[in-house]
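One chain comes next, on its own, written out as structure tokens in the form predicted alone.
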Amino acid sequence: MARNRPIPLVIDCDPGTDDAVALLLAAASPELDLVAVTAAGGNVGLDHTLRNALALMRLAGHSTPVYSGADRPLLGRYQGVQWVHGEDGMGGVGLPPGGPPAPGHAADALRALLRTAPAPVTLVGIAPVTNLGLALATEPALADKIAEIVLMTGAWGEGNATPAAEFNALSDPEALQILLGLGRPITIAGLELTAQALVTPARIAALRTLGGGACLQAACDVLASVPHAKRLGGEGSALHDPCAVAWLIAPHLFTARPCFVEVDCGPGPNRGRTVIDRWDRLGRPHNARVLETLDADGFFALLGQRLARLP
């Protein structure tokens, strides 16, 4: 069914190379009304992720407020993946500076936004979801103001941060479990899905031909900086986070399955593992929709078309 108005959207992110492309995709898409961006420590430290989010919004010509959030998980300690995203989170690709952050903490801003929102808001979490968990654990009644939560997190098989866990889920499993227990519609783009959005040199070269805008070229430079993943046969890298945004814009590119999902919050080697019951072996009520397949050519066509619209 066609939507009559853009989706009110908050993106919680930790830019990060793939977050950068996700933010630009959202900024370029009229189906979405990007009302706020919140930043957390994740791929790199909060000082870098906040700076990158501000720079990306200015590069895209958007005045969306960007809020600084959590610099560490609810429990445990922060640990980034600078060897993937570079020390600055952008693979060393210099971006023009952005403006100042909006005043206040991300969790406070999220609660205030949800309280006053005239229509239900969609939350996209493409970082460790500490900001979202903090906001909703402290005022759980606000869950009624959420239309959908879309997360890039987890895997039903092997992880990418440990043998058991995907990076975002491992970075704050307690916050993720808070969201899974809210009773709101949740859509999950996990590693098996995002591996299908494989960035190769040929795909980057094709994107570069679509225009000379600063946003498109910065996105290509950022994508080219990401090391090819041994986990994916060394052919390229997975473009994780834009899959969560693309789901809202073009759901026809995906197939999905309702599942029961929980995350292991215990100590030890299974911490952060997402238990995704795709075949209803546990007999538990479904609490998430798990994206399973992606039309990769359609996804990259959409990405190129949208990024070419930006300055």
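In case it trips you up, residue 1 is the first one in the sequence shown, and so on. No experiment lies behind these values; they were computed from the predicted model shown.
Form predicted in complex with a small molecule: not shown, discussed below.
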Legend entry - Distance check, Asn131 to the small molecule in the predicted complex, heavy atom within 4.5 Å: no
Inset, instruction - Although the small molecule is absent from this view, report whether Asn43 comes within 4.5 Å of it in the predicted complex, heavy atoms only. - result: yes
Inset, instruction - Evaluate Gln196 for contact with the small molecule in the predicted complex, applying a 4.5 angstroms cut-off between non-hydrogen atoms, and reply yes or no. - result: no
Legend entry - Contact test in the predicted complex: Val81 vs the small molecule, heavy atoms, 4.5 Å: yes
Legend entry - Contact segment among 101 to 109, 216 to 224, 174 to 182, 152 to 160, judged by heavy atoms lying within 4.5 Å of the small molecule in the predicted complex: 152 to 160
Inset, instruction - Find the only residue in Met90, Leu191, Val121, Leu207 having a heavy atom within 4.5 Å of the small molecule in the predicted complex. - result: Leu191
